[in-house]
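Here are two versions of the same chain, shown separately as structure tokens and labelled structure 1 and structure 2.
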Structure 1
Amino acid sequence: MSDRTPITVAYGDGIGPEIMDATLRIIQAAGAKIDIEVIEVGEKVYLSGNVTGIAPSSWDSLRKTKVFLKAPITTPQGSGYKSLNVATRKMFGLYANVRPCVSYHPFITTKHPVMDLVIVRENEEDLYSGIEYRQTRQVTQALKLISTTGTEKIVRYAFEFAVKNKRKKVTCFVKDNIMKITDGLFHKIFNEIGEEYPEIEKEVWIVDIGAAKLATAPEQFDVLVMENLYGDILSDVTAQMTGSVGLAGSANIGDEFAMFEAIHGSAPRRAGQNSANPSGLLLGAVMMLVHIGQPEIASKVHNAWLKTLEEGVHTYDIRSTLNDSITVGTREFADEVIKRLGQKPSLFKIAEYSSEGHHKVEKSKLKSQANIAKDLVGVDVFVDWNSGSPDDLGNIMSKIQAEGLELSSISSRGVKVFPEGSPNINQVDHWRCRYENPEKGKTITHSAIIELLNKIREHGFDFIKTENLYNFDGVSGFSL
């Protein structure tokens, strides 16, 4: 039986082939025990008619190896092309995006000399579910989806990562002062799971002030866990804060599959110039080596890379504080790292990886929600209408009723406009008409909603969407 691990490699577009070649040369020189299967992804594949940028046959390689080392790709501009990263994350359940961001002061110029944090980003839900609609001529919509199971997996991963990598604190960023149900669920589950890890310090920040604190005092943070959109934005910000976005590697982790990459793009304007920095992809490959059970090789590569930076060797995108620093090309940088394999840094913290750096999330330990009572108590009917004032619409909709359903309010873009609504609203053609049982909290039937919609249609309205209103164990499951 071979002790070599099969991996799938994609060289990508732009600077991708150059930095992938450098990365593979380094890890193979270090003794990585891998068998490489190469697939083609990116712009050429997109333009040949594959909307996700990957040929159907290439999925077979990924299903077989379950490990994907991917260089940056170019997605053609214009509609009709889907993100390969999003497609891969969804296809293989890559729920956790892990991005370490470290300052390499004093050898790389940065305004934040003390910084060593990891952002753990939820990868499958939130606004990145990609469920969007144009509902009227003036209004579009994107759905933000946060689930109990998705949240538990990412939060538990963050705490397990902290424990196994000897981290001391986990911080959660949310915006539940505004999005009380979706972000509120994320916050609630973070608190519940946090109780299982008494040895780890926990804190929660509202994302805006938390981001401000992160940008000015990153040394106060250790492991951060957050939803998809917040994590996407802030992991790029923190990577740039280290001195160059080209220094950051990224891991996308699922139960059975993992993808590793640099966080930067394909930079087509730099392609073919032998100037790109391979460090981000190389550090992604280091994370891959830990994942596939070769932590000693990962440590060897990482330490040689640190030693190279300490001795003032870098690519064009980095400003070093050393007067005698040397700027080299992509190939030459790889040569310098290879030359230092087996050496360790003198000033940087020595990298020491173990095979416990990544893990599977075990079966849910949260209380089952199967027995929670779910009661239908109303419906929001969204209509496309642009023929008068909010009061005109309210007077018409108030006359439309069904069994147990009467109009209680109308809002536009979250602002109440009827009855007694704001007179200063910027009026659009998108209205939410809330129908509830006059006896608050009393249940209604689906047939009553169908009756209501038929009556609304008979009055000449275009109802563009409905949202049922539920109580869960008597607690409202919808915003007011």
Structure 2
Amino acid sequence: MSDRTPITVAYGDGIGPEIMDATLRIIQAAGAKIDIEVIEVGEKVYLSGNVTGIAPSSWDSLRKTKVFLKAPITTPQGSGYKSLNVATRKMFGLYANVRPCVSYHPFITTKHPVMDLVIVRENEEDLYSGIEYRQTRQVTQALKLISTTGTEKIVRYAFEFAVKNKRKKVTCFVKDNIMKITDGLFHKIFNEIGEEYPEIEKEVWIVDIGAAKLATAPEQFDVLVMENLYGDILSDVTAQMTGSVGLAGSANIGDEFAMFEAIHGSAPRRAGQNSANPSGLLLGAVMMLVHIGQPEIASKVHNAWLKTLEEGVHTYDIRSTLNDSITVGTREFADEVIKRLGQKPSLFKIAEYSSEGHHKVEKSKLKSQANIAKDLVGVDVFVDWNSGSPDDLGNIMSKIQAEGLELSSISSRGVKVFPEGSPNINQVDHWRCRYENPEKGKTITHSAIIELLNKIREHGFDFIKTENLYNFDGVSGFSL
């Protein structure tokens, strides 16, 4: 059997072909055992009428190799085009986005000379499911979904990544002081899984103060794990803090498939000038080499690259505080890295990858959820209404009842308005009417909800959505 690993490569748009060429030249010179299949993705494919920017036949190559090294692409302006990254993420279940952000002080100017952290971002859930609605003339809604299985996978990945890469601490960012159920679940699972890793230090920050700390004292962080939205924002912030967006690579990991890339875009105005920095894509390729079981080659490439930076050889985008640095083009930078293959940095930490560097998350180890008792105890009926005061609405809704269901409260955008609601609300046309069994916690039936909705409709209301209220093992599964 061949000891070479087939990989799929896309040269992308803008500066993509130049930085991909430089990256492949370096890793092949280092002895990477890879067989390359090239596919076309990006602008041309979009403009030929393919809304996701990838031809159906190219999926076959990806399904076969299961490893994708992708240069940045240009998404054409205008609506109707779907993100290729989102399509790939969904097609292959790429649940983890891994983004190391490192300072290269004093060789690259940064306000944060000590910084060596990795953001592990959940990639499939949260507000990114794209489920959005305009419910009334005034109010829109996006759905935030956080699952036990999705959270377990990403948190376990973060801890395993920490162990395998000899990292000391995993920090979790959440906003569970506000989103007690969704972010509360993420926090709870982080604590549960953290117990399996006694050797790793653990901490949890509320995301706002955590982000402030991250932006001012990044040296205090090591591995960070967070939901999709927080990770999306903060991984861009931390990448920029290192000194250039051209420096960071990223890995998107699934159970069977993985995609590696630079974090930056296709920089169209730089295209064809032999000036772009290939480092982001090169570091993405280094992660790929670890993933495909070639950690020695990964270390060799990474160390030669560090040595090149140390010796003051840079592309235009990196400003150095050193006097004797020289600026070279993309091709020449690759040549300089190739010249140093086999050398190690003198000042930077030497890269030493092991075959354990990337981890495949095994089956769930959390207690099964199947035996949890789930009881239907009420319903929230959301109505579009704009014909009076909260008390007017409350007085009508209180008269509408069904078997075991009576109005307990009305709120608008999360603020209680009836009975005895806040007098100072900025009124909109979106109301949540909560119906529960007057004997709190006693179960109700689905047919009672249907009966209630029929009566609400007969009173002339437009009910825009309902949300069932459940208790789980006697604990309410809804915000109060």
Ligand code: NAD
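Residues are numbered by position in structure 1's sequence, first residue being 1. This is a predicted model, so every value here is computed, not measured. Between two forms, the rigid core is the largest collection of C-alphas that superpose within 1.5 Å.
Peer 1: Looking for the form predicted on its own among these two structures; is it 1 or 2?
Peer 2: Looking at both, the form predicted on its own is number 1.
Peer 1: Is G49 among the residues whose Cα moves by 2 Å or more between structure 1 and structure 2 after superposition of the rigid core?
Peer 2: Result for G49: yes, a 2 Å-plus shift.
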